[in-house]
Structure formats: structure tokens, C-alpha cells
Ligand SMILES: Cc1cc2nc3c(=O)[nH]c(=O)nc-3n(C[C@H](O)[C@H](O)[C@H](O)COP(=O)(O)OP(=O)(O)OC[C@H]3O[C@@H](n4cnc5c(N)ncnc54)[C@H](O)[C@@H]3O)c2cc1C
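Take a look at this one chain, the form predicted alone, written out in C-alpha cells.
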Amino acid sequence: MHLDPFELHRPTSVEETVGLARSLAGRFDYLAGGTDLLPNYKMHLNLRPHLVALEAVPELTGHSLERLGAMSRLADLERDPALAAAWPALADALREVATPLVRASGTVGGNLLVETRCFFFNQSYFWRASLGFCLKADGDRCHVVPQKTTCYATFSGDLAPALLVGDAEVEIAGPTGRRRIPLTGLYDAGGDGIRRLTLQPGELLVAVHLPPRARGRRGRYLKLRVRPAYDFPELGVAVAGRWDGDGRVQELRLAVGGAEPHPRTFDDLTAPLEGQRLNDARRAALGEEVARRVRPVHNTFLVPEYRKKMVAVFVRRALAQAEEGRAA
């Protein structure tokens, strides 16, 4: 495998970056840590003639308890004890991303926007050519659910579920200015494995904002993967909440990633639990209902039936561990 030629651009401000994006008009990719993009380029997956490197844009770097720059390195966040104490589900998710070497290069923005994955897509050019390519790269049909309109590639980031249960917001810059939206609004619930984001052409993720009101919630993030030392998630479940002295739920958030083309929250299921104690039966019922709604397909190593069953198991485990405020 090798990288084909491309032109590398190194802007030094958000304004310059957005200007470049406008002038390159869809013929470029943003380059953050490159831990997923560059391997995909080596596999000849959706190559662009231009890369816009973001490491020299100061506004995208640095982190605090309330703001994570999009270019913040995962390893730097992982080593921050104050961040781990304030946002325990996020701390779990950071530890679960790939390997220490990947986390040293990988970034917050890169993980939130990471390409969806499918074993019909993430293969060499020769492998894909022998099969006939797919909707997501070079072809006109999906091999997972045979048809020619919808891509079923799966969301493969770890941070999104953990940040969703922290009510995170994202700051976005683009040709028409800046906007700030809930993280839930970054993902297109009506899209698919290709049209998975609500970003407009040329828009740039600047930062993630963490609201003080959600700080200190007890939280957990549990991840299912084949090889615990490295793999992308086959499933990721995040929970965060508060309990009073009698064990009654004061607030509760739940999010699931790794099972569909976008991460999902389940506020309509957790809101009715406020004011109640979570016994085994209630945790199991919530897990079963979430599993009923989630619809994985056979595009990863683990079969959909197993992944659905593990949704219920992981929801139950994450709820119990979050309430107790302990690790697995």
C-alpha cells in the first residue's frame, strides 16, 4: 500500500482554514491526527487531491473542563485527572480508543467525525475490485443489504456516546460564520453510512463544549470489540446520571454507538426513570427496550443478533456501575 500524490496545505487560523475549504470546493479532506484517514488513503478509499492539515491552527488546540479543542490529542486528555473526575464516562471512552500510540496522534474532532466502517468498504482496492465495489466507494450498490440507495456502514467512534451523555455541544465554523449546536445535531439521524453528518460543505469542527451543569455526573462507557487492545467498537454504551441519598434517580442519560450509522440517545426512555430507584428489573427492562430499537446489520465481525443481545447486557452493566460509581 502507498499514498498517492496530494497537495498539503497548512493554514494557521480558523479563518484561513475555512477560506481554503471554500476555494478547494469539495476536492479536499481535513487532516487531523490522520490515524484513520491516511490508512484509508493507502487503501485508495475516496481519495482527494488536497489535504488541509490542522495542527498549526492554535484555536483548535488545548482543553479545559468546559472546552475540548477539536485538535486536542486523546492521550493528553487521558492523562488529565481533573478531566477524568469531572467526566468519568469520557475518561472511560478515552482509555478505550485503539492503542496508546494511536491516542498519541488521534484527536477529539477526528474521533467524533471518524469515517463509518464496513467490512465491504475497509478493504484493499484489489479486494473491492474483485467484489465489484460498493456505494461508499467507487460502486453503485450495497453488499450488506443488497440495494442501490442506502449505505449501512457503522459509526466507529468512541467519544460521541460519552460526550452525548454529558450534554456536549459542538462549535462549528464555516463560510457563513460560526454556529454552536448540541452534539446530537452533528449527526444526521435520517442519513446513512455516507450521509451521516449535518456539516455543510467546507465547515470545520472547532471545539466541543461541556456544560458545567452536567459536570460530576456518575458515568460509565462500556465497549464491545473483538480484540480488546485495538479494535473499533462493535458496540459502545455510555451512561451518566445523578442519584440522591436514597438511591433515586435525579437525572439519567444513555447513548449507544457502534451499532448503526450514527450514535443515538434515549432520553424518552431514561426521563421516566427520574424519581425512581433502579433495581435489577428496571435496568433489565431498559436494556431490552434499547436493544429492541437498535438495528445493527451484518457488516462487522460480530453477527447482528449477538450485538443486539449485548446492547441489553451493556446497558444493564453500565447503569449498575455508574450508580455505584465504580469501574468494571
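Remember, predicted model here, so these are calculated numbers, not experimental data. Position 1 is the first residue in the sequence shown; the rest follow in order.
Below, we refer to the form predicted together with the named molecule, which is not included among the displayed structures.
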Among the candidate residues 255, 89, 235, 205, which is the single one with a non-hydrogen atom no more than 4.5 Å from the named molecule in the predicted bound form?
-> 205
Heavy atom within 4.5 Å of the named molecule in the predicted bound form: which of 31, 273, 57, 290 fits that? Just give me the one.
-> 31
Contact at 105, 114 and 231 by the named molecule in the predicted bound form, all three, heavy atom at most 4.5 Å = yes
Out of the stretches listed (237-245, 156-164, 212-220, 177-185), which one is close to the named molecule in the predicted bound form, meaning heavy atoms within 4.5 Å?
-> 156-164
Examine residue 35 and determine whether its closest non-hydrogen atom to the named molecule in the predicted bound form is within 4.5 angstroms.
-> yes
Taking heavy atoms and a 4.5 Å cut-off, does residue 70 contact the named molecule in the predicted bound form?
-> yes
State yes or no: in the predicted bound form, is some non-hydrogen atom of residue 96 no more than 4.5 angstroms from a non-hydrogen atom of the named molecule?
-> yes
Any chance residue 74 has a heavy atom within 4.5 Å of the named molecule in the predicted bound form?
-> yes
